[in-house]
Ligand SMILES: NC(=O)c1ccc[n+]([C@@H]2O[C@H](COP(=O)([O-])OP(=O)(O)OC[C@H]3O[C@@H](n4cnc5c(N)ncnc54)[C@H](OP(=O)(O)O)[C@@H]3O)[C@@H](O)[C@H]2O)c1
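Heads up, the chain below is alone and in the form predicted on its own; it's given as structure tokens.
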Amino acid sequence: MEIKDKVVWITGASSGIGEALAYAFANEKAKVIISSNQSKELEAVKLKCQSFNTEVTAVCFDLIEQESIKQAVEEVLAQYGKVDILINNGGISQRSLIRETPLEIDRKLMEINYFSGVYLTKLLLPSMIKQKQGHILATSSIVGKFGFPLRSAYSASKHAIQGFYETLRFEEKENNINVTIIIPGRVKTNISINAVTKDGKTYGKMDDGQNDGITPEKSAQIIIKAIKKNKREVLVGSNELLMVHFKRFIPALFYRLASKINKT
């Protein structure tokens, strides 16, 4: 896929992988739309994107508010008339045991990580079908491939992403709509710092593994290459990605390693 002049919409673009993707697409001379519920941070990303001498628009909205999503889509389509590449990247993680996590935390993560992207996709899908082209990406996780301690709701939301977007790929192939699932492992972002705990508060700590992860900038380059090659899935990370392959090909080894994970 040629990215220059494509209209690209990235959610979760005020930090981490989303922010790095915004700069990478701006460098490719795409028309970049960035979204987040952090207006101040989003404006800072917009200013930096503009240094690449490309068109960039910031659309601030909250993924947990359905009406806010609908208004954002109306605004974007009114301005651009289409979206060529949608990247459902916004999300939140978790650090709590199942037995101590109230159901409202599970629902919150499903709303933010899963339903928001599904709704955004469904709102934009008719315009992509009409123009007979489009590319939709969704950020899952390696724990979208297997369960992991302290991530029950997060893992469940990412498993749901796998099922929805794989189905979307089969259904809309006839309309030339491509689908790529992004599967990050350890990327050095603030996802663990911003994760929610059992009482809904912010975890506030950087996981050791997260701290040793690859940079968001490297992640963005891997994802850009996957888009150009129209990959169905793209693994983003380092040695921890072996766990995905262990689960698939050597499950006994996977379960032995997973059982040793510290649950505190």
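This one's a predicted model, so the numbers in the text were calculated from it and none came from an experiment. Numbers follow the displayed sequence, beginning with 1.
The following text describes the form predicted together with the ligand, which does not appear among the structures shown.
Here is the short version: of Gln131, Gln162, Ser152, Asn194, the single residue with a heavy atom within 4.5 Å of the ligand in the predicted bound form is Asn194. The contact with the ligand in the predicted bound form, taken as any heavy atom within 4.5 Å, belongs to Asp62 out of Glu233, Glu55, Asp62, Glu217.
Per the 4.5 Å heavy atom criterion, the ligand in the predicted bound form is contacted by stretch 137-145, the sole one of 96-104, 72-80, 137-145, 166-174.
In the predicted bound form, no heavy atom of Val118 sits within 4.5 Å of the ligand. Though the partner is left out of this view, Thr180 does not reach within 4.5 Å of the ligand in the predicted bound form, counting heavy atoms only. Contact annotation: Ile85 falls outside 4.5 Å of the ligand in the predicted bound form, judged by heavy atom distances. In the predicted bound form, Leu123 stays away from the ligand, with no heavy atom inside 4.5 Å. Looking at 16-54, the residues that come within 4.5 Å of the ligand in the predicted bound form, counting any heavy atom, are Gly16, Ile17, Gly18, Ser36, Asn37, Gln38.
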